[in-house]
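Presented as structure tokens, the chain that follows is alone, the form predicted alone.
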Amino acid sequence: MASTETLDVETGPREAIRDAAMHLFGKQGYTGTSMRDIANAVGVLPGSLYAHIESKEALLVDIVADGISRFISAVEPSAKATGSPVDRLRAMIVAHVEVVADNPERSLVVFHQWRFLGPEKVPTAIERRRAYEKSFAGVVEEGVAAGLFKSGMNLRIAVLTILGALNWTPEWFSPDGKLSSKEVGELMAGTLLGGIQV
């Protein structure tokens, strides 16, 4: 099976390669994955990959950009809503966990492998990660202003604590577990909100 014909799957050849890379990057890390590993996963010769992709880094860029976009799109509606900051932050936490649950491997790559992007790509990834952080910070700030969250806390540490807990979810979340992603998200939200609510 050393022909590009094996790549003609429903999702398209580039998507099949990206899915294989995402699985391998999540399982053995970006630096631990070779182009040969990716080629073997899709059933082609390593050289055949370049008919569909530019490089291994290009795959990482695609996976990270797509993943970050999914998280931003999931939390943005609640971040920009007009309801209680407590309810909105809870909804954002649940939404984050649901994105993780949709594809834990993708989330592992997004949270832990983006550092292997080339120097010219890292600033964009950092900028988007900061934008995500700011969406949480904005809601927490509103909660403090409304007297719903503790006024004396360090806002940045509080937000990074929440995001730190959320970003490790793909390490332990199991789609086959007893609790649904929503239930896990609700439990996490209860724990995390409990540390900042008045």
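Don't overthink the numbering: it's just position in the shown sequence, from 1. What you see is a predicted model, and the numbers here were worked out from it, not measured in a lab.
From this point on, the text means the form predicted in complex with the DNA, which you will not see here.
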#### Entry: Of S48, N167, N40, T161, the one that lies within 4.5 Å of the DNA in the predicted bound form (heavy atoms)
S48
### Query
Looking at V144, M153, M35, A137, which has any heavy atom no more than 4.5 Å from the DNA in the predicted bound form?
M35
### Proximity of S69 to the DNA in the predicted bound form, heavy atoms at 4.5 Å
no
### Task
Flag R129 as yes or no: does it have a non-hydrogen atom within 4.5 angstroms of any non-hydrogen atom of the DNA in the predicted bound form?
no
### Query
Looking at the partner-bound form in the predicted bound form, is I63 within 4.5 Å of the DNA by any heavy atom?
no
### Message
Given the stretches 153-161, 168-176, 129-137, 26-34, which is the single one in contact with the DNA in the predicted bound form, using a heavy atom cutoff of 4.5 Å?
### Response
26-34
